[in-house]
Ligand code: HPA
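Given next, in structure tokens, is a single chain: the form predicted alone.
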């Protein structure tokens, strides 16, 4: 296929996104709009200056900018506008299902109520279903650089909204904050019949992936690209068909891989692992899900079959009901076979 026809094929693929931090979809234009609306002073003179700040050396250098941007989010409508802007964008990329992370501690520590955050997001997800036929799940993430006690307090705040939350996760600074730190919190989440996921094996070692599996009982590993350093771990992930939510452009932007050509996504697939493609924090890392697919296809020479497998993996790795999963897989099969 030519580059142009491959791009058209990717565009038409029905897709699911399973690794998306909603605060990381805050585009500079919306940042300035919300800052003006809420009377917040941001440390940038223009949209262009913000984009120039998006040059990161590692995860922490990104997080410093990420948390600065989140300060403009104060009111329920801000969270609605943030989420619906992302939803409109990915609806144009034929995304059919989304499972988005949100970081309540980023906001509650600034005096914004948990209710304000989740109600604004939930309204946007409801409109995504009714207006754009995009299904969704919401995943509450704990900030791992904060204490386990703070995470437990956040989980307790979430209990009244249990029916709106599909799972809990673990994000923010990975190094020095192993999954084991949050075992008690995840035990509580599991007792509430919440599913669990965790960022592991991005900057952190394969041992963090083992901990997420053994101590947090995760249904998915977010990132997980360092698993290939441990053949025994690869075998366990393969046998369990445990998904990895891989974010190619993010991995390069944060220095996990020097170039996209160095990325191990194809090796993960060749090892029989359930890898998926996602955007992570698209406003900061230069691309939404379609841009990730296009870039990694070109860099690694992925075939139509690779792309089909990646998309099918994402549907099967989702927290959708079996019936809805099957509907989306049929839609994918019809598209690829048509």
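Quantities reported herein were computed from a predicted structural model and do not represent experimental measurements. Residue numbers count along the first chain shown, from 1.
The same protein also exists as the form predicted together with ligand HPA; that form is not shown, yet it is the one meant from here on.
Undergrad: Please tell me whether any heavy atom belonging to residue 21 falls inside 4.5 Å of a heavy atom of ligand HPA, as the geometry stands in the predicted bound form.
TA: Residue 21: yes, in contact with ligand HPA in the predicted bound form.
Undergrad: Report whether the minimum heavy atom distance between residue 220 and ligand HPA in the predicted bound form is within 4.5 Å.
TA: Output for residue 220 is no: heavy atoms all beyond 4.5 Å of ligand HPA.
Undergrad: Is there a heavy atom of residue 296 no more than 4.5 Å from a heavy atom of ligand HPA in the predicted bound form?
TA: Contact check for residue 296: no, nothing within 4.5 Å of ligand HPA in the predicted bound form.
Undergrad: So in the predicted bound form, does residue 62 come within 4.5 Å of ligand HPA, heavy atom to heavy atom?
TA: Although ligand HPA is absent here, residue 62 would touch it in the predicted bound form, with heavy atoms inside 4.5 Å.
Undergrad: Just to confirm, with a 4.5 Å cut-off on non-hydrogen atoms, which of 172, 180, 264, 93 contacts ligand HPA in the predicted bound form?
TA: None of the other options qualify; the answer is 172.
Undergrad: Which is the contacting stretch out of 182-190, 199-207, 78-86, 120-128, given heavy atoms within 4.5 Å of ligand HPA in the predicted bound form?
TA: Only one stretch qualifies here: 199-207.
Undergrad: Could you list the residues in 273-298 that come within 4.5 Å of ligand HPA in the predicted bound form, counting only heavy atoms and keeping sequence order?
TA: If the 4.5 Å heavy-atom criterion is applied to ligand HPA in the predicted bound form, 273-298 yields 280, 281.
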